[in-house]
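In structure tokens, the next block holds one chain alone, the form predicted alone.
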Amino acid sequence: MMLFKLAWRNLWRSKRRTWITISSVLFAVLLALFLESMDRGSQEVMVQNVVRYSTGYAQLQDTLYFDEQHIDNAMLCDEDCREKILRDFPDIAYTVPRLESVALAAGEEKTRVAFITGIDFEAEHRFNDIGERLREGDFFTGGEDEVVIGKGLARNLDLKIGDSLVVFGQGFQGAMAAGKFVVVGLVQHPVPDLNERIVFMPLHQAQWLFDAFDRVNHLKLVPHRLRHHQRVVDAINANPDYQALQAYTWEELQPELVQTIEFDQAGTLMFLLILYVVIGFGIFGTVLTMTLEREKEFGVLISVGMQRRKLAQVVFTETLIMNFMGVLLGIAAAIPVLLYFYYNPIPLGEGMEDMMAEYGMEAVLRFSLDPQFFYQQAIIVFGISMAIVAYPVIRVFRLDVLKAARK
């Protein structure tokens, strides 16, 4: 306790020197958090866009569907089945069913291969706000034989609201899938390729078209807390009542996205390593200057009988206090900055708007508020600054008292 009091008093004998050291740690933490938040934010947006419009955070399938994604491997799952899943697994907030298959779509004169998707509109909109992508017409009016198609497909087939769309393909177990539908809406799908092919229809209508009554290709599982999707998958796969089905996380269903994120993280890590080196030298320069300025003080203290070990402990405690204060103040300074950019993303300029819009993303640079990287970066910078404390401690033990006292 005495050493702590002595170290605390020593710090404020030279306030300017103390605040310079604290500021070096503060700005190091602030810069590291800013860069990590910016990188995490872009990754979160990437995951959200792919997951929301494709696989979902977790997905339930027939055991055969993963290896052969064909409508013949669609699983039986009606409304009662979905309600049973919610009862058996309380971590699941709701489910999003889909029945998907490829078929030939035709307008009056042109044909295209289309991706027919039967959806429960309320569940789908709750999950990914698909209704907000509507550009013309309505998203199902309650009538019979209605479809909503991508704007790209409408352009390719020369279709507009009220026109007829003919669909011809193969249904469940070889059944013929043919029907004539009315186009009631046009959507701008965030995935450019799907925008050229997508056809949405009510789930019951798609089941009738493909003769796959009460069947879905997969069931998206949306947990109450999205980060618990692995827990949901593990619980389902461990339940013997669901042996005929298999649950997967989005990481298992989107390995390419995982690799992209890992590659991006590797690049960010390299940049952060360079930043840590700069931070380390910056803090070391401050500590070096502080140590050299105090050599005479150290020499006098040792001359009057203070043990080098005790003096080293005081110096260590001083540096510990300054580093701890720098880290805390750095986090405190970063929070309002990151909060501002979280709610006010940085615009990327008009030139990026069209390109980003094709992928369903705004032309802005988003930031993350994931608490994990706050303590990670704080610990790393604190560790770097504490490693540098070895210099003044070693300097105390090697100090030439006579030379230091003459300064």
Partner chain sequence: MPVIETNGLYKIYNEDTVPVYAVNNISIQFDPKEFTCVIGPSGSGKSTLLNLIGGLDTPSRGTVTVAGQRIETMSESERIRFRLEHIGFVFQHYNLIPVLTAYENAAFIMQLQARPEEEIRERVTGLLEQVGLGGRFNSRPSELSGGEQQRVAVVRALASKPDFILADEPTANLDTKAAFNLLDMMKQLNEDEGITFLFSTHDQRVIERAGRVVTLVDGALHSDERKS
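Positions refer to the first chain, counted from 1. Throughout, rigid core stands for the largest set of C-alpha atoms superposing within 1.5 Å between the two forms. Given the structure is predicted, the values throughout are model-derived calculations rather than measurements.
The next section is about a form of this same protein that is not shown, the form predicted in complex with its partner chain.
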Its partner chain is absent from this chain, but in the predicted complex, do M46, V51 and S54 each have a non-hydrogen atom within 4.5 Å of it? no
Does any heavy atom of L320 come within 4.5 Å of a heavy atom of its partner chain in the predicted complex? no
Going by a heavy atom distance of 4.5 Å, is R9 a contact of its partner chain in the predicted complex? yes
Are any of the heavy atoms in G162 no more than 4.5 Å from a heavy atom of its partner chain in the predicted complex? no
Residue contact check: E83 to its partner chain in the predicted complex, 4.5 Å heavy atom: no
Using heavy atoms only and a 4.5 Å cut-off, determine which of M306, V166, A332, V113 is in contact with its partner chain in the predicted complex. M306
Exactly one of H204, K310, R231, R126 comes within 4.5 Å of its partner chain in the predicted complex through a heavy atom, and that residue is K310
From the candidate stretches 323-331, 297-305, 262-270, 149-157, select the single one in contact with its partner chain in the predicted complex, where contact means a heavy atom within 4.5 Å. 297-305
Stretch 11-48 - residues with a heavy atom within 4.5 Å of its partner chain in the predicted complex: R13
Is it true that Q307 shifts between this form and the one not shown by 2 Å or more at the Cα, once the core is aligned? yes
